[in-house]
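Let's start with one chain on its own, the form predicted alone, as structure tokens.
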């Protein structure tokens, strides 16, 4: 039964106390048995029964729960560096998408990639992500946009979940865009989604969530209602890409349908914020996407003050957020979203776990929860996110086993 000692400061990130209360403990210790936490507290209060157990030295570092990456598009073919140049010169994202770039560009590359190629590429990303202190990763499909290629992506995630130590949480995003072959027959694609793709995904347990992109270039509110209602009928939980590039009533729909989270929300309405607060929908902020697309940041202060739990994630994808560096996204959340470092830390731990409906198991350092935690070379969360230094994570445990 290992005991991590000589911890300079530990943040339990327990859910209680609101977004700003990360529950720090100075000079802490943590005890775990196999994959579960047994005890957390001040080292001077360590119970007698743990005094002679195997000690692991944290060297005065900061200990946090394993980071929960609750919104990524992990598996994709190719990259889109050429579009980055165009956006740098002022071309709007929607204009690039309408010209055949954007998501549809990645769809072409992903369809051309084999399952093995996607596994190998994604595995490389995960190897780097774990070094940052990330222990759980949500992964979306959405770059296949036909039955075979969407299943290919979800099979990639199923394989990755057993190939490496991080937990992989799969989301079906077949309603990312209408594929070009259905451009003039949108209704037929929606029928394909609800009659074939969603039933297959649910029956074969290929995903826990169903997601959709509601936007001018993607799906309407009415189309989303039809698709998501069908997903609910098949037992899938809901996550929605909404109000990213324009106000569209997506937050209100997420609340109406009982979604676990509404993601992006740069243009969320006051009514949408209130609806989310009243129904417990988590707001997933994606500051890297706001940064890369030069969009206004999510109004995090309004959401927090209204009582909405705000999570922080990267939106890792080849177009609008081509980075899996969650600590960098956390620093941007402080700067762009006017969140405190403690609020951001809870956003990337317990609130991100809630955005995956996993907050009873991961996301905080409490007895009975999974022994997922990381040591950071910083004296406080304020110093860590303020003095950005690439990667300050020195060690990571997943399910009680050291993986970094």
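Residue numbers count along the first chain shown, from 1. Since the structure is predicted, the reported quantities are computational estimates derived from the model, not experimental observations.
We do not show the form predicted together with N-(iminomethyl)-L-glutamic acid, though everything after this point is about it.
Under a 4.5 angstroms non-hydrogen atom cutoff, N-(iminomethyl)-L-glutamic acid in the predicted complex lacks residue 159 among its neighbouring residues. Residue contact check for residue 171: none of its heavy atoms lie within 4.5 Å of N-(iminomethyl)-L-glutamic acid in the predicted complex. N-(iminomethyl)-L-glutamic acid is not shown here, but in the predicted complex it comes within 4.5 Å of a heavy atom of residue 319. In the predicted complex, no heavy atom of residue 291 sits within 4.5 Å of N-(iminomethyl)-L-glutamic acid. Contact with N-(iminomethyl)-L-glutamic acid in the predicted complex, defined as a heavy atom within 4.5 Å, is made by all three of 93, 176 and 315.
The partner is absent here, but in the predicted complex a heavy atom of 244, alone among 136, 110, 244, 122, sits within 4.5 Å of N-(iminomethyl)-L-glutamic acid. Contact with N-(iminomethyl)-L-glutamic acid in the predicted complex, judged by any heavy atom within 4.5 Å, is made by just one of 189, 324, 213, 267: 213. From the list 201-209, 303-311, 125-133, 73-81, the contact stretch for N-(iminomethyl)-L-glutamic acid in the predicted complex under a 4.5 Å heavy atom rule is 73-81.
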